[in-house]
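Only one chain is included here, represented as structure tokens and corresponding to the form predicted alone.
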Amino acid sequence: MRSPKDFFRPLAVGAPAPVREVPFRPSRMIHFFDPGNEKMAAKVPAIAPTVDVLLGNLEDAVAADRKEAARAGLVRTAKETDFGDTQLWTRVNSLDSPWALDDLITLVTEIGDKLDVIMVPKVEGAQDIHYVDRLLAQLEAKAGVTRPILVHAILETATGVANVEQIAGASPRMQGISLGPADLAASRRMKTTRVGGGHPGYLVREDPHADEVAPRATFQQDLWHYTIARMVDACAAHGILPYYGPFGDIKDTTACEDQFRNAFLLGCVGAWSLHPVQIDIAKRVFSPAPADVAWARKVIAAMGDGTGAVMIDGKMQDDATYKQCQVVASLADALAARDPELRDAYAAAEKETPA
């Protein structure tokens, strides 16, 4: 059994020291692109400033005969592009595929100095993270990478959900976890062919009316509530970040916004955007509303050191609500530092809020 004292020691001689705390950088949207698609890759310099995270996808949606082209395309794009403050991530192929090893070897040795996070699909337990962790350390040492590349797991099998706590705490490299609803639905034998979102058949119905004639209202439920909540708890317990994954119905922007907001309210910090139309949705949803930020700052100011209780506008505030407001205000500060429009909106709302 490995000593806890060794947890933050490099797993290879010459590898960079593991991080002790996951840096919180805005990641409201993880925008996917196919680096093997020349037209899509050509748009990267223009898209990069508009998103928090740009992800070169090598796995699903890339046909088997295009895997090597996508890998080479990502290397080329990374070398030719100045991403500024935008993070560069990649999703490699699953660890049981014939491409995953070459993905990791090529990307770390060629562009390891530019990659922030490697997303690993279909993670089923800590053993998957341990494998990637050791391999990345060896490759970083070989390539002379000076900062550790972080790891992001996708939760898309029933086994992965059952082991989510162990996955979250498997390595100091763990940056976060995303929900992968489509593969997870198949793994669970769920009877839906949708990629995320609700289902009209998953509902509750109100009790019969006294006259037994009036129609009984129905309310559609969230298929992913349990899984997201469990994932959020595992991430919070281990100091990493939770994300909602893809929403596949690109045209249904209303339902996409609803799904993103459900995840945001439950604790997720971002979601995947599969199409440019989803970028603004994610930016809007995963940024606290200016009025909420102004209220949070008002409570924090009134609470002083955060102890005791006060009444503000007829509402009782105590140490628990003080902590809730700190979450909102801290997120707003981090986002405002990157987004000038948001910074101005927050400042204007604060001025309009009575002391």
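Residue numbers run from 1 along the displayed sequence. Remember, it's a predicted structure, so these values are computed and weren't measured experimentally.
Although not depicted, the form predicted together with a small molecule is the subject of the following passage.
Please determine, with the chain shown alone, which of 296-304, 38-46, 315-323, 66-74 has non-hydrogen atoms within 4.5 Å of the small molecule in the predicted complex.
That would be 38-46.
D258, D183, D116, D222: which sits within 4.5 Å of the small molecule in the predicted complex by any heavy atom?
Of D258, D183, D116, D222, the residue with a heavy atom within 4.5 Å of the small molecule in the predicted complex is D183.
Tell me, out of L135, L274, A141, A158, which residue has a non-hydrogen atom within 4.5 angstroms of the small molecule in the predicted complex.
That would be L274.
Would R28 sit within 4.5 Å of the small molecule in the predicted complex, counting heavy atoms only?
R28: no contact with the small molecule in the predicted complex.
Is there a non-hydrogen atom of H152 within 4.5 angstroms of a non-hydrogen atom of the small molecule in the predicted complex?
H152: no contact with the small molecule in the predicted complex.
Using heavy atoms and a 4.5 Å limit, would one call N57 a contact residue for the small molecule in the predicted complex?
Heavy-atom contact with the small molecule at 4.5 Å: present for N57.
Determine whether any heavy atom of F32 comes within 4.5 Å of a heavy atom of the small molecule in the predicted complex, and answer yes or no.
Yes, F32 sits close enough to the small molecule in the predicted complex that at least one of its heavy atoms falls within 4.5 Å.
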